[in-house]
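As a starting point, one isolated chain is supplied in C-alpha cells, in the form predicted alone.
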C-alpha cells in the first residue's frame, strides 16, 4: 500500500500527499516546511554515482595521498598504509575504526546503493532480500566518515606545510572525488520513491 499521509517534522501535522512529478515539492500547509521532494531522474543518477565511486575506490584507498620530503628523505602515505601503520603501532582500536568507517563502510554503501537502484530500474523490488537490503542501506547511510578523514588530511597539510615539502598525489584527488560520490548519494537517492516501488509490489 502506497504511503499517502506524511507527518511534518516541524509541526507534527499529518498531511495527505498524492503522487508528485519530478521536481515537485510538497510543503506543510500549516508551517510551509518542505515534507517531500521528488527528485529528477534519481535512479540513473544514483547508479552513475555508485559506478563512479566504485571505479575511484581502489586508487583512493591504495594510491599515495601525498608525499612528504624533509631534507633528502621522502615518504608517501595512502589510506591503506595509514591503517597498516596504526596497526603496526599497536593502535588496534584506532586502526579498526579507521578501516571500518573510512574504507569498509563507503564500499558497502556504494554496493548497497547500486543494488537498490538497479533493483528499482529492473523491477526487482518484490523480493524479500530487496526490502532487507534497503533497510540495511538506510541504517548504514550515516556510518561512513570519509569527511572526517579528509579533515584530518587537511589539518596535517596545514601543520606540515612549513616543516617539509609536500607533494599531492593522485590518491588525494581520487579520495576527494570518492568522498563527493558517497556524499552525493544523500542528495540523489530518493528513498521515498524507492519505498513507493516496494509498496506497489
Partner chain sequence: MLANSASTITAKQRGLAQCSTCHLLIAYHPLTHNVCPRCQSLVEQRTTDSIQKCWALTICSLIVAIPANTMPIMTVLYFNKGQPDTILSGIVTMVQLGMYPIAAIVFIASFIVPLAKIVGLFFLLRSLQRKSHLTTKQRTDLYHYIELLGKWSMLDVFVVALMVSLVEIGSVIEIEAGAGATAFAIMVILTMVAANSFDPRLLWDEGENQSEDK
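Owing to the predicted nature of the structure, the values given are computational and were not obtained by experimental measurement. Numbering follows the first chain given and starts at 1. Between two forms, the rigid core is defined as the largest C-alpha subset superposing within 1.5 Å.
The next section is about a form of this same protein that is not shown, the form predicted in complex with its partner chain.
Report whether the minimum heavy atom distance between residue 180 and its partner chain in the predicted complex is within 4.5 Å. Residue 180: no contact with its partner chain in the predicted complex.
Could you confirm whether residue 41 comes within 4.5 Å of its partner chain in the predicted complex, counting heavy atoms only? Flag for residue 41 set to no.
Heavy atoms within 4.5 Å of its partner chain in the predicted complex: does residue 51 have any? No, no contact at 4.5 Å.
Look up in the predicted complex whether residue 120 has a non-hydrogen atom within 4.5 angstroms of its partner chain, and give yes or no. Heavy-atom contact with its partner chain at 4.5 Å: absent for residue 120.
Under a 4.5 angstroms heavy atom criterion, identify the one residue in 153, 176, 47, 55 near its partner chain in the predicted complex. In short, 153.
Pick out the residues of 160-174 whose heavy atoms come within 4.5 Å of its partner chain in the predicted complex. Counting only heavy atoms within 4.5 Å of its partner chain in the predicted complex, the contacting residues of 160-174 are 160, 162, 163, 166.
Kindly check if the Cα atom of residue 32 is displaced 2 angstroms or more between the shown form and the other one relative to the superposed rigid core. Comparing forms between the shown form and the other one, the residue 32 CA shifts at least 2 Å.
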